[in-house]
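Below, in structure tokens: the form predicted alone, a single chain.
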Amino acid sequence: MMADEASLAQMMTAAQNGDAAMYRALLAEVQLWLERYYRRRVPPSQLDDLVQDVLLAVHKKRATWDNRRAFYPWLAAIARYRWVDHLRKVYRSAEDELGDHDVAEDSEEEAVMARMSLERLFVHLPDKQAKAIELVKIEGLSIAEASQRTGQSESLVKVNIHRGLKKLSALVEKAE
């Protein structure tokens, strides 16, 4: 069970006053919260590095927390900014892997980049929603064909597409 807001605020206040034991306890609680926060936002192979990055940022910025304010929003802001930085780094890395090779004008570079963007967005969707969108909206299968392939009823395929597209739209609007 994770600590509540008041407990975390007390731990942070004690840590700011030099209590090393409370600071270790605070970081352990923050680590648990961050793991839960990022579990659905990044692939498992990237989770530990991102959590450690945020813990380091919390350590560096601990003096900026004001004990008259809530702790979780302060932590969430740091976590969100580090997540965005992480996504940018991952995107740049993926683009670098493609390289700057001389490519014919009729290449599929734009399609590859679009596909990479979709994959990054699909991470935020439940698997069934991502699969339904993939089959119907990208591969062009009918609802009936997607239903057969996924084992979902036709109405569930439609619901998953609707909900998935709604969530993707919200993510894109939020990023603007």
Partner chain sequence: MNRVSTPLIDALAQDLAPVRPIRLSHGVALVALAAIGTVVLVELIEGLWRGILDGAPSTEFFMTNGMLGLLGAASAYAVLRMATPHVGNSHEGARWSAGMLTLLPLTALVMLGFGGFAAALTQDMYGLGCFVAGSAFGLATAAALTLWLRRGAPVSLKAAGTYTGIAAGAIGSFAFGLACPVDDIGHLGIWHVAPVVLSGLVGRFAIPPLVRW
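Rigid core here is just the name for the largest C-alpha set that superposes within 1.5 Å across the two forms. Numbering follows the first chain given and starts at 1. From a predicted model like this one, the values you see are computed outputs, not experimental measurements.
Only in words, not in the display: the form predicted together with its partner chain, which the text now covers.
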{"property": "Residue (of A28, A144, I138, V123) lying close to its partner chain in the predicted complex, criterion heavy atoms within 4.5 Å", "result": "A28"}
{"property": "Heavy atom of Q152 within 4.5 Å of its partner chain in the predicted complex", "result": "no"}
{"property": "A15 within 4.5 Å of its partner chain in the predicted complex, heavy atoms", "result": "yes"}
{"property": "Residue contact check: V172 to its partner chain in the predicted complex, 4.5 Å heavy atom", "result": "yes"}
{"property": "Its partner chain contact at L118 in the predicted complex, heavy atom, 4.5 Å", "result": "no"}
{"property": "Stretch in contact, per heavy atom within 4.5 angstroms of its partner chain in the predicted complex, of 53-61, 39-47, 128-136, 144-152", "result": "53-61"}
{"property": "Threshold 2 Å Cα movement between the shown form and the other one at R24, rigid core reference", "result": "no"}
{"property": "Core-superposed comparison between the shown form and the other one, A14 Cα displacement 2 Å or beyond", "result": "no"}
{"property": "After fitting the core, H124 CA displacement of 2 Å or more between the shown form and the other one", "result": "yes"}
{"property": "Distance direction in the predicted complex for the C-alpha atoms of E29 and H124, relative to the displayed form (3 angstroms or more)", "result": "farther"}
{"property": "Y81 and K166, C-alpha gap in the predicted complex relative to this structure (3 Å or more)", "result": "closer"}
